[in-house]
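Presented below, as structure tokens, is a lone chain in the form predicted alone.
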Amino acid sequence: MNRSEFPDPFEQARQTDGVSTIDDQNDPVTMVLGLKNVRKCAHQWQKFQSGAEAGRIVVPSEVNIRDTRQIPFEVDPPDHGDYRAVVEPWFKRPLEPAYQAQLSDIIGSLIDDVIQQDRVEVVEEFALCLQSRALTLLLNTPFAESDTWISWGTHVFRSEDSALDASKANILYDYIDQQIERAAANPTDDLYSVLLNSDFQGRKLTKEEVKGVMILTFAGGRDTVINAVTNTIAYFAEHPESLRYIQQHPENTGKAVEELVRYFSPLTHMGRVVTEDSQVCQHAAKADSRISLCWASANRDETVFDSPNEVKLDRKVNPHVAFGFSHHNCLGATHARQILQILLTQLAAKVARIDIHDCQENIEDWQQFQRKVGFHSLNVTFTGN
């Protein structure tokens, strides 16, 4: 199997039952696997809520490592819409030409650096650096702050021997608390200061609410972007013709980004809490139980996607849900899309070939499902044009 190949472990369960059940810290989860049903459940926020106990809709559950509600991620309508109206204009800034130019400089500089090296470990030395440095633009914070974030490693909630590490998570929480206090005392034009001065339903956001937005911003876009960037490098290493395709057909770069995100699905699934006894794909879902919307399975649904296990960079119809769906679609999707679009453009312009030396795959263990989500390490050589 090619190292850039990502098999679909959910295919049989999706085709036979449409759902499957896994245990998560003695809090079972019914995984919804087909695209149609995933989208349907995502719409039905009254029946499948996000605003449950803080941390419970995440799989694996984070109730034991945080009690701060991530905003607007763990809030349901109508408050969700009001929170989203406060933060969404900020997260649309990646559409601005000046923002894109700065992001292009960051990514181009990183590519220039790795071309000069004999060997590069992509996860730590490229993807993590790219994600952290790009985040300084999103937060409008000093570039030097990225060195602190890089020092945390690829995960903010887990360590090598633990899927949920409260001590490591507290490093992030303490950092955010310090930044909020700094912004309260000396406001600037960064996201912390803007949030503290934002109006929400006739009042200012509280520090706890600001913390909820910031935890989501740091945690929600970290592993996912790192996985997407690393997996893209692996794909282009084994499909050099795709680099030439992007170079020769720049008008299809956006389609290529959407297809790579569909295929890799950097986030496997996200939960909801059932508010009343319900039916999901003809299976009973009891009140206060959990379901998950399995984006990774939905994105390989053979009833929707032609040849779903193949990467087609010019795929015409691509209703993927890799950035979520409905009112809870990913707040950072615009930023992530710009990162990947610029990455593809810069790689096609500057890199002739990428050679993989060795790698260690990152396999998520969902009991009966073993899903490759990315790499723990990927050692390559970049050769410039």
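Because the structure is predicted, anything quoted here is derived from the model rather than measured. Start at 1 with the first residue shown and count on from there.
From this point on, the text means the form predicted in complex with protoporphyrin IX containing FE, which you will not see here.
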Tell me which of 235 to 243, 121 to 129, 221 to 229, 106 to 114 has residues with heavy atoms within 4.5 angstroms of protoporphyrin IX containing FE in the model of the complex? 221 to 229
Ok, Ile180, Val194, Ala285, Leu135: which has a heavy atom sitting within 4.5 Å of protoporphyrin IX containing FE in the model of the complex? Leu135
Answer key: of Leu331, Met31, Ile342, Ile354, within 4.5 Å of protoporphyrin IX containing FE in the model of the complex (heavy atoms) is Leu331
Indicate whether the candidate residues His80, Leu267 and Gly324 are all in contact with protoporphyrin IX containing FE in the model of the complex, with contact defined as any heavy atom within 4.5 Å. yes
Although protoporphyrin IX containing FE is absent from this view, report whether Arg84 comes within 4.5 Å of it in the model of the complex, heavy atoms only. yes
Just checking whether Tyr175 would be counted as a contact of protoporphyrin IX containing FE in the model of the complex - the rule being heavy atoms within 4.5 angstroms. no
Can you check whether Tyr263 is within 4.5 Å of protoporphyrin IX containing FE in the model of the complex, heavy atom basis? no
Would Leu216 sit within 4.5 Å of protoporphyrin IX containing FE in the model of the complex, counting heavy atoms only? yes
Select from 50 to 72 the residues with a non-hydrogen atom within 4.5 Å of protoporphyrin IX containing FE in the model of the complex and write them out in sequence order. Pro72
